[in-house]
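Shown below, as structure tokens, is a lone chain in the form predicted on its own; questions about how it binds or moves come after it.
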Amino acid sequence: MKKLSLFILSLAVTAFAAKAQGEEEESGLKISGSVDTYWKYDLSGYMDEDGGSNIWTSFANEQNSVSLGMVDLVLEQTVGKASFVGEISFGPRSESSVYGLNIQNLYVSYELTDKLSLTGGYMGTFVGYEVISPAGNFNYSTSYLFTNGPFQNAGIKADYAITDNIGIMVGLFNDWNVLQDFNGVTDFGAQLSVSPVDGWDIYFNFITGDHEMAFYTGDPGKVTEFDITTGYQISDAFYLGLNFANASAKFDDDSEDGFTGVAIYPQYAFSDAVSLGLRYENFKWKDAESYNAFTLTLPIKSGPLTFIPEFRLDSSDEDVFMDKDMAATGSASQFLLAAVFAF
């Protein structure tokens, strides 16, 4: 692993020195981002002592309250072969996704050739279908797959375009979601991207490494995740997405954990302003409960503002939810209204 890391770094330095000569072309600084807010009601009427409700996937967990998402600000610029992206965010959605930090992305890239580029820094993960920014998702609430996979990967990676339709990425990374890895750069990640036909993209993702805290248990172990993400624009109006993932952890005490899940995302655009989408997800923990989740979302756009009514119904093979009388139950449902302004 150390030899591979040194090779990538030496390759970057050598190529950078060779390409740094000549006139540089500079593009202007680009600024983009989003602001979001929401109201959610758990239809059981349940609320815990912290004001939360059932269905504890990432974000949008407050019960019967006009609540904040986050302010997300993205800065990016390209000068010649070099570029950078810096993304900072503030608000409850940010705090629960970056573990007390305000940095979503902070990385630099360099094009060694027209086909090969190197990137280093703190990056939104390449694993999975959904992202942290609400402007990047169709549904406002998030999946179990998103919640239990990585959010960010700090490290260095190389991207190579084999053909116009096939690309590969390999990289060395810290543990999931940390800026500093106290047990060394131990994660290896790779991605194969394929575009079989126009409008259809497939990503095969793999990441593995030794973690000081595996699956949020606080215990050290080795975590490996394999993930497939794909989306096909079947017609101008109809889009179909899919995400499959299998993850496993073997802890230092020889115990094991893991999950398997699949989510499908059929979406239909009635017009440029109104769409309807259904997310169905099946998610199962190793030797523990499983979930079936249905989310119906109706985004309505007016310029940069998207108004999002959403209904969600989750069920489990175990009584993991609560009703208003604090009794355990096997299902939960919620309705939310969200507003996302993207700029």
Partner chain sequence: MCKALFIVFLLNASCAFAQNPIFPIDDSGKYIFSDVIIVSGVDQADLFKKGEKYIQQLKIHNSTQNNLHKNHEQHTLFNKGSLVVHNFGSIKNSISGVVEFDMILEFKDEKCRYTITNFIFNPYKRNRYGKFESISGKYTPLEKEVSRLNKKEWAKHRKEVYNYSQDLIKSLTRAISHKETDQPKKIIKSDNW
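Residue numbers count along the first chain shown, from 1. As the structure is a computational prediction, the values presented were derived from the model and not from experiment.
This next part talks about the form predicted in complex with its partner chain, which is not shown.
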Is E256 one of the residues lying within 4.5 Å of its partner chain in the predicted complex, judged by heavy atom distances? no
Since only the chain is shown here, I'm wondering whether N102 would be in contact with its partner chain in the predicted complex (any heavy atom pair within 4.5 Å). no
Quick one: does G80 come within 4.5 Å of its partner chain in the predicted complex, counting heavy atoms only? no
Report whether the minimum heavy atom distance between V66 and its partner chain in the predicted complex is within 4.5 Å. no
Which of 281 to 289, 66 to 74, 53 to 61, 40 to 48 has heavy atoms within 4.5 Å of its partner chain in the predicted complex? 66 to 74
Would you kindly say which of Y129, Y140, Y144, Y265 lies with a heavy atom within 4.5 Å of its partner chain in the predicted complex? Y129
Heavy atom of each of S34, V85 and A135 within 4.5 Å of its partner chain in the predicted complex: yes
If you look in the predicted complex, which residues in 232 to 256 sit within 4.5 Å of its partner chain (heavy atoms)? Q233, D236
